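Only one chain is shown below, in C-alpha cells, and it's the form predicted alone.
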C-alpha cells in the first residue's frame, strides 16, 4: 500500500488549470521526482499536499486513509515536511529559533539546551553545518537553504518534499545531500524531489512523474529511462548543447576592480583585495562555495554596498563614489539571486515591475510625469519579446507573485537588459529554472556578450559556469584565488580552487 496517493487532483487559477486530474502515488523508501517546465503545475501539486492550497476536486490518501490537509500544520502533524523554493524563515530570528518555531510543547516550556543538542546532531550527521545562533538575515542564500532542510528533518517527517533543493548547493554539497536522501530512503522515509536538473534525477531518484501544462504526461522508472527521454516528455525535444563563444573578447576592459575590500562587523572582511577585470565582449564567470563573498561582490559592483577600500572603474571612469541609480544609469544592470526579495515587488503587477528602473524617463514619463499608456505599451512589447507568460486574462496587469519562477526571471531580464547598458551582473540567473527557461536566459546573456557588452556571471552551477564563461574567477574566503581560461576550467580544477587549493595546483589538475 502506498504511503501517499493523490487521485484526480484539480486546481485552477483565473480559469486556467494548474493541475488537471493529476494522479500520484509515493511508496515508503522511495525517492520520487516531479519534473516539468516552470508553470507545469509541480509546485501547485505539492502545495495542495502540504495544505497551502485547497484542491478544487480530487482526493488524498495518507497511509491508506482519506486525508485533508487544510494547513501546513495539518500536514506537519501527519508527518509531511516541505522545503520550499522560496524560503519561509523569520529573518530577524536565529537559526535555532526558526528550526524549533511552533513545535508542540514550546508554549509552556522551551528546552533550548535539548533543542540545541538535537540540532547539532542533525547538522553534523547530514553535513548541513550552520551556526545555530546566527541571525537568518545574516546568512547567505545557501545557508538559509540548509536551515530549511534541517527544519524539516528536525520534525521527524515520514515524507519529505524538496522543491529545488540543490539550486543553492555546490557539487560537493549536492553529493552530501544525496547521501542524506539515500540514507533517509533506506530507513523507510519517502521523498518527493522537484528539480530541473535531469542528471540529478538520474542519479538519486527511483521514479519520475513528468508534468506538462498542468497534466501528468508520463511516469517512468528512473533505471529504465535516460535524459533524452525525460527531455522529450518535458519540453518536446532533446537538449541542445550550447556551442562555445565564437567571438573573441576585446582587449579593452569594461570593468576593473583594483584592491577592492569590504569590511563588516560580523565578518571581518567578506571581500579582501579583489583584483580583476572584465573585458568588453566577455563573460567572466565567478565560482565558489556559497558564502565566500559572491553576493557581496555583486552588491559592491552595483553600488548596493559601499566598499571600504580600493577603486572600481567602469571603462575609464572611477565609479567608486556612485550609488545604485547612478551606476545603473552609467550602464550597470543587476540580476539578483533573490527574485522575490531583491529583484521584484511581488504584489505589484508586471507593468509596474518593468517600470521600476525607468519610470522617470522617456518613454515611460513625459515632463516628469508617468505616462501610464506608454508604460503599458512597453510592458506589452517586453512581455512578448521575452516570452513572459501570465496565467488568466489579466496580462501585464497580473501581480508578479502569481507568475512562475521562470517567468519572474524573464521579467527581471527584460527590465535589466536595456539598450544603453554596458555590464550585467548576473547572480544565479537560472536558479530554480527549468531547461527551457534556462536556455532562454543563456541565449540572452550570450547575445549581450556578442554585442560587445560584458557579463559577470555568478553561479553555483559549475556546468553553467564552464559552458558560458570565457574565463572563470574563483572566490575563496573573500579572495580571488585564481582566474582560469575556458580550457583550464575543468570541474577538478575549479573544485580545488573552491576548496582553497593554490592556483598552480588547480591549473595542473585542469591540464
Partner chain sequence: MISIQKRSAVSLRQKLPKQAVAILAALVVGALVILLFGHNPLAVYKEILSGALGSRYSRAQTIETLVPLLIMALGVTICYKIKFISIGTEGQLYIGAMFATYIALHLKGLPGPILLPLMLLASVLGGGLWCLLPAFLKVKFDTNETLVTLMLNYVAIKFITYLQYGPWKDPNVIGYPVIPQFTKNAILPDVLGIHAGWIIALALLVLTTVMLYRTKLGYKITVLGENPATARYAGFGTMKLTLLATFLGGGLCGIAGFIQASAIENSLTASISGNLGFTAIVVAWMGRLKPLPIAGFGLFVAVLIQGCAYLQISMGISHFMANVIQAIILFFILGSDFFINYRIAFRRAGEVTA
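Only the largest set of C-alpha atoms that superpose within 1.5 Å between the two forms is called the rigid core. Numbering follows the first chain given and starts at 1. Keep in mind the model is a prediction, meaning the values are calculated, not measured.
The next section is about a form of this same protein that is not shown, the form predicted in complex with the partner chain.
Relative to the partner chain in the model of the complex, residues 32, 63 and 223 are all farther than 4.5 Å at every heavy atom. This chain is displayed alone, yet in the model of the complex one of 215, 275, 118, 401 has a heavy atom within 4.5 Å of the partner chain; that residue is 401. A heavy atom within 4.5 Å of the partner chain in the model of the complex is found for exactly one of 182, 232, 207, 357: 357. Proximity of residue 463 to the partner chain in the model of the complex: non-hydrogen atoms within 4.5 Å are absent; the residue sits far from the partner.
At the 4.5 Å threshold, heavy atoms of residue 186 stay clear of the partner chain in the model of the complex, well away from it. Using a 4.5 Å cutoff between non-hydrogen atoms, residue 324 counts as a contact of the partner chain in the model of the complex. Contact check for residue 343: a heavy atom falls within 4.5 Å of the partner chain in the model of the complex.
Only one listed stretch (254 to 262, 329 to 337, 379 to 387, 437 to 445) carries heavy atoms within 4.5 Å of the partner chain in the model of the complex, and that stretch is 329 to 337. Shown in the overlay between the shown form and the other one, fitted on the rigid core, is a CA shift at residue 52 of 2 Å or greater. Between the C-alpha atoms of residue 441 and residue 47, a gap widened by no less than 3 Å is obtained in the model of the complex, as opposed to the form on display.
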